[in-house]
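Quick setup: one chain, the form predicted on its own, written in structure tokens, and binding and motion questions come after.
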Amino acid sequence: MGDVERPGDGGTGLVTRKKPKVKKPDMYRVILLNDDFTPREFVVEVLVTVFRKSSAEAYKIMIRAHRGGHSTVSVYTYDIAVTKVNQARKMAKEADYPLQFAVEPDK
């Protein structure tokens, strides 16, 4: 049998590649905006259904928005944040409520 050249022997056959640096995606926070028309129970239902919050957590988010004018619901990548906001707005529109959300960069 003949000699077998191995990668790394004499610098032949060895290919090194640098791992590409993957940038973490920018994150965006979903903000619940308070209004005086949407019932609290409906807001909690939207937070549980669309944003998958527990009833207790949804209630706390709703109360913070009620008392302070707005409240952070959660932080997502842009596409997920916009998708969830659109789902929540659709749910509110179908129920004839003016419930609103905003999406802003997470700092």
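Just so you know, these numbers come straight off a predicted model, no measurement behind them. One rule holds for the numbers: they count along the sequence shown, beginning at 1.
There is another form of this protein, the form predicted together with a small molecule, and it is not shown here; the text below is about that form.
Candidate site Leu32, Val43 and Met62: all three near the small molecule in the predicted bound form by heavy atom within 4.5 Å: Yes, because Leu32, Val43 and Met62 each have a heavy atom that approaches the small molecule to within 4.5 Å in the predicted bound form.
Interface stretch in the predicted bound form with the small molecule - options 48-56, 22-30, 78-86, 65-73, non-hydrogen atom within 4.5 Å: In the other structure, the partner sits against 65-73.
Partner proximity in the predicted bound form: Ala92 to the small molecule, non-hydrogen atom cutoff 4.5 Å: Close contact is absent here: in the predicted bound form, Ala92 is far from the small molecule, nothing within 4.5 Å, heavy atoms only.
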